[in-house]
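Here you get one chain, nothing else, as structure tokens; it is the form predicted alone.
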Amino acid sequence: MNKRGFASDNNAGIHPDILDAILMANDGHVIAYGDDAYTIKAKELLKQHFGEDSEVFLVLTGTGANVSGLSAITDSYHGIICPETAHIAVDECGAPEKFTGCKLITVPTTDGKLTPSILTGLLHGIGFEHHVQPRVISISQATEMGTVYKSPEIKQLASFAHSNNMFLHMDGARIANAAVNLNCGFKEITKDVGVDVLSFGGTKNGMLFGEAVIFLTPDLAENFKYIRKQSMQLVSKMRFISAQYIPYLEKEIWKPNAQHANRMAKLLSEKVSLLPEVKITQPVEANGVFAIIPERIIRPLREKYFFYTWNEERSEVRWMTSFDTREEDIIGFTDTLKNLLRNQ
């Protein structure tokens, strides 16, 4: 059996009920490209969670969801404002800039979160032809730093965006972890507080693959079917993406999966916080733990349990938990950490 590590929730397996749903969909022939009963059902369920007037499109990858969704609400002379740690800025190999043609305007933050007060100074040159025109504020929920936006914080950002003729985009790769942290549904932290476009993912929370681009301001989806095709995100055998969303939402698999991942992160944080050589650097609000540890033990610890260094200069690491992380994984990891601190 492969050893569970703490590198990424992408490294986790697939929830058994979702595997079963994929197998059940593998029966006979259905119409390709989304004109099938599985996709119709999945879209109905997504609308129940995000609003009946929302427009839903299933795509292949998280990067594809972000890039195509942003493409639908921008022109190439626009700017997209995001935290400097945002996935679209750091981990998508320049795809948002290449395919939208837009400039990413990155903002330093201490916790991965944007606020209107730190954005005001970026709104200069409006209407001036020599300057990129700010058009989108893009946030992640939960953030890449493991922090969570509360509903009033998102509402403030949406109001700021809309009052300045901008849109609010949300990368929801870990939105399930944020929702269970806030003890709310998806709609309360998206449509109800002014998010315009959402990338909704389940891959990090027990699904195999596939994402949804959801237009919570439905008029923005007018030409998205063409953008999806040009973005190489129109999947022919779409039923296998859609089939996963049915138990994920209908059985609410998303909720216990995310609750467990978050609980494991809290447990990990509590265990390592007892060690004086370990300093937790961010609030543990989702399923990520950020910590500074002695540089000398990073390599031998990683040989036992794989994880990533977040900031080499600070010797800051990131430990991610998943829906299938076990308590014994946490205990084994912390015991190994203790031994290395004692002996290295």
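We number the residues from 1 along the sequence you see. Predicted model, so just to flag it, every value in this text is computed and none were measured.
The same protein has a further form, the form predicted in complex with a further copy of the same chain, not shown here; the description that follows concerns it.
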I need to confirm a contact call. Of Glu153, Glu97, Asp111, Asp192, which residue comes within 4.5 Å of a further copy of the same chain in the predicted bound form, counting heavy atoms only? Glu97
Can you pick the one in His131, Arg263, Lys255, His162 that has a heavy atom within 4.5 Å of a further copy of the same chain in the predicted bound form? His131
Would Gly28 count as a contact of a further copy of the same chain in the predicted bound form, using a 4.5 angstroms cut-off between non-hydrogen atoms? yes
Residue-level question: is Arg239 within 4.5 Å of a further copy of the same chain in the predicted bound form, judged on heavy atoms? yes
Looking at the partner-bound form in the predicted bound form, is Ser76 within 4.5 Å of a further copy of the same chain by any heavy atom? yes
Residue contact check: Ile40 to a further copy of the same chain in the predicted bound form, 4.5 Å heavy atom: no
Have a look at 76-84, 269-277, 247-255, 184-192 and name the one stretch with heavy atoms inside 4.5 Å of a further copy of the same chain in the predicted bound form. 76-84
Between a further copy of the same chain and His49, Val56 and Val197, in the predicted bound form, does every residue show a non-hydrogen atom at 4.5 Å or closer? no
Given a 4.5 Å distance limit between heavy atoms, list every residue of 283-302 close to a further copy of the same chain in the predicted bound form, or none if there are none. none
